[in-house]
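This document opens with one chain alone, in structure tokens, the form predicted on its own.
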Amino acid sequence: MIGVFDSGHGGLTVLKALKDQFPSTSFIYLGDHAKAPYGNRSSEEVVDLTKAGVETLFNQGCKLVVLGCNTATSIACRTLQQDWLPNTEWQGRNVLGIIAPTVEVATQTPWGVTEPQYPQMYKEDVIAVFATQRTIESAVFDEEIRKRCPQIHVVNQACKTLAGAIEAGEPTDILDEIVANYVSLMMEKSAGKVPHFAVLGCTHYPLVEPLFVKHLPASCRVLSQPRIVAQALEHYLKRHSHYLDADCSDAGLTLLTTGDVLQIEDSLVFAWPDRPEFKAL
């Protein structure tokens, strides 16, 4: 059984891609809606909340937990992997983030390679990163991309209001205006240079991916994390098959929340209409 943890319900985009990729695998999703958003919390709080969420999913029977949240990944993932898990009763289980596979695709370089390799060391591409303020402030995409491809020009664009507008179910014309504004700001920062890739560095953003495609230059390739994460997890599980259920005949999908179920259901009609209903934790 595999768990997916997010501060809210943006991670549902990742969960849906994983469920499509692994239809015979059981998944449990936990959205910490009661404590969302994580973007205005301290790093210590984000680590503690992420740790609590992961532990809850381990207690539910998950062997592996994917952090379907860029903020949790950028702030907490490494701490949980290196400092927390080895010193707990959960040894043998694991936590994975969603930034590593995204950086791998953007740089065409394996995560384990942390120095420039030919031909990447000579690349002079432009990569745009659209993300929440907290993720941009962490500089994780910028740092990890530059480690592998130092000549790449990374243009970071914080989209302060977009995730909230998506969660609030704002109409398409409002979302279109918001996305157009952030794309325009990014293009100003890039001095008119057209990005080769645009990373949608928040799991809410795939819900409005067509709007990014609409407003970005036609030659810019949009990197949407759900597809990337699903493909990366497939490769990971080929090497670590013990995280998969031994008996896949009763694969299920459970959605849990720390928040108000009715309120969440009302705001999620647009995101994944045929999904199971959330249950209170």
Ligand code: DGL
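This structure is a prediction, so every number in the text was calculated from the model and none was measured. Numbering starts at 1 and follows the sequence shown.
What comes next is about the form predicted together with ligand DGL, which is not displayed.
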property: Whether S7, C69 and T132 all lie within 4.5 angstroms of ligand DGL in the predicted complex by heavy atom; result: yes
property: Contact of F58 with ligand DGL in the predicted complex (heavy atom, 4.5 Å); result: no
property: G39 within 4.5 Å of ligand DGL in the predicted complex, heavy atoms; result: yes
property: I166, heavy atom within 4.5 angstroms of ligand DGL in the predicted complex; result: no
property: is_contact(C202, ligand DGL) in the predicted complex, heavy atom dist at most 4.5 Å; result: yes
property: Residue stretch of 228 to 236, 30 to 38, 211 to 219, 252 to 260 approaching ligand DGL in the predicted complex, non-hydrogen atom distance within 4.5 Å; result: 30 to 38
